[in-house]
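We begin with a single chain expressed as structure tokens, specifically the form predicted on its own.
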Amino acid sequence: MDYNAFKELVVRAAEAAGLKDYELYYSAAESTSVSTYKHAINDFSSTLEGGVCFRTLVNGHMGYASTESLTEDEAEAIVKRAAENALLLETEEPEFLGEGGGTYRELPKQEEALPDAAFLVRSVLQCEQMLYDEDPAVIDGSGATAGTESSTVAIYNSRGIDLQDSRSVAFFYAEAVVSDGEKMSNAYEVKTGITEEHMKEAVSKSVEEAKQKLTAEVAPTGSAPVILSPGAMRSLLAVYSSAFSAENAQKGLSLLAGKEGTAVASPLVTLVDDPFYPESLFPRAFDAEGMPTCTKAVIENGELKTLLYNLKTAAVAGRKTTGNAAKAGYAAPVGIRPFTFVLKPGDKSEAELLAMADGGVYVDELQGTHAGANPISGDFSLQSMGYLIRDGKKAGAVKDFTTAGNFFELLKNIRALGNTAEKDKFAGVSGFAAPAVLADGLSIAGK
């Protein structure tokens, strides 16, 4: 049974049970991926997953129930389970459902069909061969992966919300493994949209970066000017985006609690959350509570304008929701997350940034953010790769060094921003975009 037919059965069951306040949330995702090894397909996977969550307010308590089975019997059962669960709760925290009648931005429809499995197979084999043809240093272990992802989200509630949206994307990445006979290194490049031109670009860039890593030396230890590449800055934004959640602030898990309306960053810093960012793969006109989304300045010229709110946290703070309600899956509780966090670019070219940081280090990649970064305190100490900066240019590649600092202090110590923001190439609902950043207060530890 499809979602719309199941929805009608749930509505009937809820009305028969005398429920006045309820919501049905549906999400489904389908993905296919193909990868190569030694000129053959070594992995093929296809998955389809999803389900619905029904929640209802009974005597001020919110009961939840979920299922993957969209059947007539389950439509009645899920309503009954949620109502029973609500009666078992003792919490006094208020709960909320979205009100209909909002204005939603119309998103462009996706007309182009996704490539089929046969196309994906041909593409990855072609891309892998292009890697071997690109340079004699390329060795076995190099390969390509291509795939498609589709997602659908729908929300219906008793207060006038009835929304549905579907998005899809095709992607691939090329990974080059190179050797000079003694050492090996690797690099990869991700592209969305599978074309021969994209393959050529990905192959060339991945091979070039892998070869540069072969000659990398260990960075020196000491204080020096540091530039974070767009990718490195995106990594930090991803880790510390939770600090901008009003839920975490209200739970005492964010140092930004109580700081709205105050300066928290350099005047150069403007951080925007944009659900409609042009490069976003999964734009959304509504959030997980069915509220309209909007583009908003979170930090503007250094001042914290707003945290990110859902209905519950907005009510606690006496504010309006920012349309940032989120669910990690159909059965997950309602939380908060950004759509696309964009650190707005500045006015410096890469050459100008490098000249300003002469004698320092260009950090191109940060690794181990899951273990080496604390999203509450802001402290981080991360394994890194990058380049020395000599005579205003990237000089030798360097590896095996640690970049350490504090994210909240980093925001305050940004001295210059590159003039181009780059977005992560492949991301789900939450994405990040940033320019290169020149900041004081970071330390480098190598040999």
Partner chain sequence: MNVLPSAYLTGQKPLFRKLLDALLERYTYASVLAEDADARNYSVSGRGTDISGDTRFGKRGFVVRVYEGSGYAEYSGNLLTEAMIPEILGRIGEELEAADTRFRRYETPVSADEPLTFQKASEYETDPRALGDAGIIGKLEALRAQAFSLKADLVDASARFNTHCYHKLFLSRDRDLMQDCMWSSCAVQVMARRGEELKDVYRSFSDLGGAEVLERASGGIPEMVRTLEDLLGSEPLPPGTYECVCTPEVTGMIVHEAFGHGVEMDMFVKDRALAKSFIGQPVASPLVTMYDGADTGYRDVATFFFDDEGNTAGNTLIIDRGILVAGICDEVSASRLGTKPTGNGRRETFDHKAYTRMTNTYFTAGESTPEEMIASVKDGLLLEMPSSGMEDPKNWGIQCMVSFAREIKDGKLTGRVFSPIVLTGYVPDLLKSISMVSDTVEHSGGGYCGKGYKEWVKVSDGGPYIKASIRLG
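Positions refer to the first chain, counted from 1. All values derive from a computational prediction rather than experimental measurement.
FYI, the form predicted together with its partner chain isn't displayed, but the following is about it.
Student: To test your reading of this chain, name the stretch in 341 to 349, 271 to 279, 355 to 363, 251 to 259 whose heavy atoms come within 4.5 Å of its partner chain in the predicted complex.
Tutor: Only one stretch passes the 4.5 Å heavy-atom test: 251 to 259.
Student: Can you work out whether its partner chain is within 4.5 angstroms of a heavy atom in all three of 5, 159 and 164 in the predicted complex?
Tutor: No, the whole trio is out of contact, none within 4.5 Å by any heavy atom.
Student: With a cut-off of 4.5 Å between heavy atoms, is residue 330 one of the residues that contacts its partner chain in the predicted complex?
Tutor: Residue 330: contacts its partner chain in the predicted complex.
Student: Should residue 334 be counted as a contact of its partner chain in the predicted complex, where contact means heavy atoms within 4.5 Å?
Tutor: Outside the cut-off, so no.
Student: Within 4.5 Å, heavy atoms only: does residue 289 come near its partner chain in the predicted complex?
Tutor: The answer is no: residue 289 has no heavy atom within 4.5 Å of its partner chain.
Student: Hey, in the predicted complex, does residue 186 get a heavy atom within 4.5 angstroms of its partner chain?
Tutor: Residue-level check for residue 186: yes, a contact with its partner chain.
Student: Which residue among 73, 197, 140, 180 has a heavy atom within 4.5 angstroms of its partner chain in the predicted complex?
Tutor: By the 4.5 Å criterion, the partner-contacting residue is 140.
Student: With its partner chain left out of view, which of 297, 77, 285, 125 would have a heavy atom within 4.5 Å of it in the predicted complex?
Tutor: Looking at the other structure, the residue within range turns out to be 125.
Student: Quick one: name the residues from 47 to 79 with any non-hydrogen atom within 4.5 angstroms of its partner chain in the predicted complex.
Tutor: Going through 47 to 79 in order - heavy atoms within 4.5 Å of its partner chain in the predicted complex - the hits are 47, 48, 49, 50, 68, 69.
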